[in-house]
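Below you will find one chain, with nothing else, as structure tokens; this is the form predicted on its own, and questions on how it binds or moves follow later.
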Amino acid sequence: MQDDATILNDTLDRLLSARVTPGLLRAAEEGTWPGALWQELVGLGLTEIFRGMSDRPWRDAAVVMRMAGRHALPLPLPETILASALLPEEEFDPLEPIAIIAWEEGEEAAWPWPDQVRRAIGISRDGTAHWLAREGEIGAPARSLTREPRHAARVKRGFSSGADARLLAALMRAAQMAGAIERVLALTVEHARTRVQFGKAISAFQAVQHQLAVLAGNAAAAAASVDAAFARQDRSEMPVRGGMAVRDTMAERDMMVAKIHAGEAAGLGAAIAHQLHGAIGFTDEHTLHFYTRRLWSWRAQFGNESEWARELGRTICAAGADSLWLAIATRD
């Protein structure tokens, strides 16, 4: 019998496979908000996972975030789900898209989808989450690597949370990267099977097989690390509403490891995929770039693997030598 997470995974995979077409992605990158798809996803209750809709909310959030990455979903669904866990009950509207952005006091914000997203959570480098609303006119448009519409905007700040929201945002991006890497692997394997060179499919060449194995191994490592980090969140006693605090040291480490593995897999996986696709993988007509551009963008957001590797080392050292073996050998 399938469990709830498997059913959610399969249902969302079918839905997004049908809805998130290359045409929709290109239209979104030109500034067209996929409003009908947003309403459909909201109607499924996906923005309310942390509002009593799930017995294991982190597990289900992981499924949705990975599927969003796997299909390059051009909507802030993962951000809205995480925002629902960070915000007090009275501040959250499940119908309203919410952005999560890097932001420091006194700076303008790089505001995505300014015509549709009215509020955002700004996360500073110290991990504090700030509830932001736009103030006044928005500035000139700019584009991220994902080609998501962004505008410079002055903001006014509402409440702030002491939660280590930066680490939670890093975990969100790790889940999206794990999903995107799975898609990159599938595209690359299919290309290797169908691309003929010297009279046979390039997948028959040992060097190509080796590269595919490296890509598959990194995809599996990223997925396993992400799954472990989300599973620990469900086992912890952390609150999931209104300014949660990350109090579980092992949970912190698992989140760091997830972002590190996903970031490493993103860099290496995108390089292998483009190498094996050759010139066609760099064209706008091919779909590979929808995923690799997102991998490059998400890898850098809320701390890259080098930053989190240093932080992980400091965390382990601070715990003392006696805890080192326990940290390596145990998962509970």
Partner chain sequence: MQALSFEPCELGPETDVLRARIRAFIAEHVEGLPPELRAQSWSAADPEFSAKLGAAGFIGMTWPRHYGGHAMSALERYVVLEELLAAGAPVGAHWIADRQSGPLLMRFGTRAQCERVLPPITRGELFCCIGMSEPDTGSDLAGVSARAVRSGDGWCVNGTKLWTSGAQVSHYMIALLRTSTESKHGGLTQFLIDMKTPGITVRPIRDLSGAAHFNEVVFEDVWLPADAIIGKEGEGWNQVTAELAYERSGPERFLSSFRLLVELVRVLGQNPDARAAVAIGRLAAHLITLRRMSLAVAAKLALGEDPALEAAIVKDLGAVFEQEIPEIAAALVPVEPSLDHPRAFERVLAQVIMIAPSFSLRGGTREILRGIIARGLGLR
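These numbers were taken from a predicted model, which means no experiment stands behind them. Positions refer to the first chain, counted from 1.
Keep in mind the form predicted in complex with the partner chain is missing from the figure; the text below concerns it.
Exactly one listed residue, out of Lys200, Arg143, His210, Lys156, brings a non-hydrogen atom to within 4.5 Å of the partner chain in the model of the complex: His210. Ser225 is the sole member of Ser161, Ser84, Ser225, Gln233 with a non-hydrogen atom within 4.5 Å of the partner chain in the model of the complex. Interface residue remark: Leu326 is counted as part of the site for the partner chain in the model of the complex, having a heavy atom within 4.5 Å. In the model of the complex, Gly217 approaches the partner chain with a heavy atom inside 4.5 Å. In the model of the complex, no heavy atom of Asp60 sits within 4.5 Å of the partner chain.
Of the heavy atoms in Val189, some are within 4.5 Å of the partner chain in the model of the complex. Contact with the partner chain in the model of the complex holds for none of Arg125, Arg147 and Ile280, as no heavy atom of theirs lies within 4.5 Å. Partner contact region in the model of the complex: 254 to 262, out of 254 to 262, 131 to 139, 116 to 124, 102 to 110, criterion any non-hydrogen atom within 4.5 Å of the partner chain. With contact defined as any non-hydrogen atom lying within 4.5 angstroms of the partner chain in the model of the complex, the contacting residues in 296 to 325 are Ser306, Ala309, Arg310, Leu312, Gly313, Arg314, Ile316, Cys317, Ala318, Ala319, Gly320, Ala321, Asp322, Leu324, Trp325, given in sequence order.
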